[in-house]
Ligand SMILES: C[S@@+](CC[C@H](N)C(=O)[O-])C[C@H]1O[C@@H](n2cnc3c(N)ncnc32)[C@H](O)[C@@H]1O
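Given as structure tokens, the chain that follows is alone and in the form predicted on its own.
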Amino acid sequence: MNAYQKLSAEFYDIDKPTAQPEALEFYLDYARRSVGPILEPMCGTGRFLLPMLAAGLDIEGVDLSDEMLSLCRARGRALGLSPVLHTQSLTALSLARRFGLVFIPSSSFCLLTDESVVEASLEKLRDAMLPGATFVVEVERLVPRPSETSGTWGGRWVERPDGAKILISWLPQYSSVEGIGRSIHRYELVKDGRLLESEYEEFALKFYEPAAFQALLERAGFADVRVFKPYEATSPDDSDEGLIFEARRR
């Protein structure tokens, strides 16, 4: 997995400044019921973490991208908040305390595509949790995907407060054998008709069958695994492309 770089992090921050209200309320409900502190791995720019911190909850964040965490700190300062953040990969996760709730929203966990990295990350997350603690994670479901989505350029842009635009262009490829979608992302900063900066990023997402992801959780030391529709306490159906898993640390 590539860490978000300068332009990609800034694009993400402008494009997704806040969490969807139903998603935020879903995770806030878990956070309010947590017995022990809360950890959000892969927290990005803090669209879930900062509202929880503002609500008085004891929460820390982890991300591999210094750029994303820098934007999170800046957003926190604007709100009068000082979030506790750590620049770490999940496979090297090492924190001073253990947590009563660990949650990873928005399918960020699917950015880990190597099976050994996925397994090691789940084990590290388990080790960071208190006995009986809750783990909640959102993943993308493996569903049939049209072949014409591969090899076709797409793109759009966002506008910064200074009038400059950050353009993203992407060229996707999907492997049905691996259940992985890969894209080359090109970011370009343009102002007054001039290209000021550009960067490239390799982006990949892993898609899961529900039973396969449940098996991963159980092998990593989690029990009482349940799966839901996104942001609802009901069982998913075949139309749901996203899934939310809840599990307990043994």
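Note that this is a predicted model, so its numbers are computed, not measured. One-based numbering along the sequence shown.
Below, we turn to the form predicted in complex with the ligand, even though it does not appear here.
Though the partner is left out of this view, Leu64 does reach within 4.5 Å of the ligand in the predicted bound form, counting heavy atoms only. Among heavy atoms of Met68, some come within 4.5 Å of the ligand in the predicted bound form.
Although the partner is absent here, Ala133 sits far enough away that none of its heavy atoms falls within 4.5 Å of the ligand in the predicted bound form. Contact between Ile38 and the ligand in the predicted bound form is not found at the 4.5 Å heavy atom cutoff.
The candidate stretches are 170-178, 70-78, 152-160, 110-118, and the one lying within 4.5 Å of the ligand in the predicted bound form by heavy atoms is 110-118. This chain is drawn without the ligand; in the predicted bound form, the residue among Phe222, Phe48, Phe26, Phe213 with a heavy atom within 4.5 Å of it is Phe48. Contacts between 81-114 and the ligand, taken as any heavy atom within 4.5 Å in the predicted bound form, involve Gln88, Ser89, Leu90, Pro105, Ser106, Ser108, Leu111, Leu112.
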